[in-house]
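Quick setup: one chain, the form predicted alone, written in structure tokens, and binding and motion questions come after.
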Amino acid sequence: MTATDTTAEVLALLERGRALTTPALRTAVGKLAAPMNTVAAYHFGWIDATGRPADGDGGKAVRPALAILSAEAAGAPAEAGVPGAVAVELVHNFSLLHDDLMDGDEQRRHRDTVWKVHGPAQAILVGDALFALALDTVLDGSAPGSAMARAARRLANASRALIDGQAQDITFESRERVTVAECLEMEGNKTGALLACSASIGAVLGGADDRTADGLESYGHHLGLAFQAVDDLLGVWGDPASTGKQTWSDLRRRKKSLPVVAALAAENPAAERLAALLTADAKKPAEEFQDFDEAEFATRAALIEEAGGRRWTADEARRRRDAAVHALDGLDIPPAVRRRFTALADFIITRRH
């Protein structure tokens, strides 16, 4: 299969995930009390800021695609994974609503964020409501009660890890140094945990045993780390036209992302110069730091690359891709489903947004 064929297969997989999940997701969001239902609809891109119908960008849809594919890994119909797909999307978007507010991000998917349009209070309340709705969704399906309970436990554990990761990420911003191991642990929590849940929750709802679900969860965990490594690269060197974020977005927020941490861990002159700059940056008031011009951020990005942080992170994405694929070894899943899991891993490490 050529790279073009692989991309086409993955895009079809993502579109199928959207098509199967969106109607159920809209139904779930419609259960929220006003005005939270319309605020959530704005966040998902279904309406604009004035309440008129919109056809916004609903995101990459990797998580619902994984949940549905994992149901098929268990030999169940794709539809068996829909409640899990909806649940992980609700948890993911709960985290986005809160993250945007905590990070002060004014744009997501090329639109004003919820807190910017509807205020911080609504961003918090709607995020909380989506989180509660996620557990309700996974426990209100047609799977046997024991399967729904197992799926809910995995979702709750992943949600707790996600919140732990966000707390770690915020703490790291005020620290001068963070180790590579600490950064990987944080990203495994913040991103890996929910992708791990996505890759296993559909299988659990589809009747898979714990061995199969655990193997799929391992696949998703490594895929999440690969996904985040690519995100970290885009957070420094991504094209704003593709990412929908500012240039040097992670540098502006003093994020201790993988390229930064890996660069600081290197023993070379560029790492030393970068460390001196970032140490001085940490002592500046936030408002002064935000007034930096493009050349100052470009200097930091160049030092990260010169120190080796960019290459190390790209290599780590490939290592995690390989670990994800190897986690499928020994699992009794249909060959066509295994191929799609592999194609999705390949797509993740080559994406540009």
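Because the structure is a prediction, the values reported are computed rather than measured. Numbers for residues come from their place in the sequence shown, where the first is 1.
Beyond what is shown, the protein has a form predicted in complex with another copy of the chain; the following relates to that form.
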property: Among the candidates A167, V117, V180, A276, the residue which, in the predicted bound form, approaches another copy of the chain to within 4.5 Å (heavy atoms); result: A167
property: Residue among D140, E106, D239, D209 with a heavy atom within 4.5 Å of another copy of the chain in the predicted bound form; result: D140
property: Interface membership of A295, another copy of the chain in the predicted bound form, 4.5 Å heavy atom rule; result: no
property: Partner proximity in the predicted bound form: A226 to another copy of the chain, non-hydrogen atom cutoff 4.5 Å; result: no
property: Close approach of W248 to another copy of the chain in the predicted bound form, 4.5 Å, heavy atom; result: no
property: Another copy of the chain contact at N268 in the predicted bound form, heavy atom, 4.5 Å; result: no
property: Answer range among 107 to 115, 80 to 88, 198 to 206, 126 to 134 for contact with another copy of the chain, defined in the predicted bound form as heavy atoms within 4.5 Å; result: 126 to 134
property: R319, A336 and R339 each touching another copy of the chain in the predicted bound form (heavy atom, 4.5 Å); result: no
property: Partner contacts in the predicted bound form for 157 to 186 (non-hydrogen atom within 4.5 angstroms of another copy of the chain); result: N157, S159, R160, I163, D164, Q166, A167, I170, T171
